[in-house]
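Okay, here we've got a single chain as structure tokens, the form predicted on its own, with questions on binding and movement later.
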Amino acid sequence: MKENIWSRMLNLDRRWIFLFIGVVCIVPFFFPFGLPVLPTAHVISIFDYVENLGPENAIFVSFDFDPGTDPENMPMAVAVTRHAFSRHIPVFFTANAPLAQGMLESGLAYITNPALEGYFHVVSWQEWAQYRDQGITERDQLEAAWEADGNVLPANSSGWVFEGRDFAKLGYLPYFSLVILGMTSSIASQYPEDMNGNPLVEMPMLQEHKSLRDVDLAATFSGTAACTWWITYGREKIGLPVAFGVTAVSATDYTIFIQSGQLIGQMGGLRGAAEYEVLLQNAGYFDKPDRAFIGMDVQNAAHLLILFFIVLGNIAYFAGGFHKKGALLKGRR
């Protein structure tokens, strides 16, 4: 009887394993486990750097990935953007490929979706034109004037973001490495208009930050080696501080840049994004972590199940005496 049970375990139809994996990957989305995620030094260094910036500074957030690495790269870019928006740090958004521009649009749509708790309410460039005509462009004065005119922030929103004051969608241009090089002299020379056709030279954030020399950080999120362009043409040419968000399989490839002091820090894979979300929660910016944290529950559950099957298979192999049978057959050859 025991041999029959062990034999059945070793010959379990793989479709049952696929079913179990599917179930444990679905359950955490509805019933999160909340397994702890402890931030590492490389992620903390990025968070602390952004935490020390404010409305007088500016950063680049570059969506340098395509749909293939969206599950890993998107939560990273979203987390850093939400951090910047929460601190009213002006953000220039770029992309290194046409598909990456689509990722940029998708990421901003998520952050500014009114149906989600903690979203940021966008005020378009045209909507606050009258305030620019009155010379009201300083961040706090602009928000005060906007709300004084009867504009009320929805209860589920984290704050206002003014296009041209808090962010600018620059998007994609071909030969992006040369675009970075060109922006070290002038951002407007490479992007006369943003993705919506608005003139960059009229935007207050560009008037205060005319080139990459006036920018305090470039955070690139990539699934390829394109992220190193920011090191080559930004960090090494003008000393631009750079941070990476890369896929888990390529994270070790860029550790040398941290060791050499060329990177502020690095987020590796879904885990890195989850760590940043935990830091945002611990700092009081949001009540709970976002999608990467839930994704870690899914990943952890799947890994634990795989480990369980490995252990169970080994128990069945040795308890059923199959290792002895294998040795006996080998000795007869």
Partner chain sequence: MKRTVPLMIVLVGGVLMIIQYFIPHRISQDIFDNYTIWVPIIGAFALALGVGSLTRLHGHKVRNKAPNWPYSLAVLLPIYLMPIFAFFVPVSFGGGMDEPGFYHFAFMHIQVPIQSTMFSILAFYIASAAFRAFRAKSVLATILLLTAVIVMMGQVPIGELLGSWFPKLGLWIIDFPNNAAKRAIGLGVGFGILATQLKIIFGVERNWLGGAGE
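Residue numbers count along the first chain shown, from 1. Everything numeric here is computed off the predicted structure, so don't read it as measured data.
There is another form of this protein, the form predicted together with the partner chain, and it is not shown here; the text below is about that form.
- Residues placing heavy atoms within 4.5 Å of the partner chain in the predicted complex fall in a single listed stretch, namely 167-175, out of 78-86, 118-126, 167-175, 152-160.
- At the 4.5 Å threshold, heavy atoms of Q130 stay clear of the partner chain in the predicted complex, well away from it.
- Put simply, D66 is close to the partner chain in the predicted complex: some heavy atom of it is within 4.5 Å.
- Put simply, L304 is close to the partner chain in the predicted complex: some heavy atom of it is within 4.5 Å.
- In the predicted complex, the partner chain sits beyond 4.5 Å of every heavy atom of A283.
- Shown without its partner, the chain has L35, P36, V37, L38, T40, H42 in segment 25-52 as residues with a non-hydrogen atom within 4.5 angstroms of the partner chain in the predicted complex.
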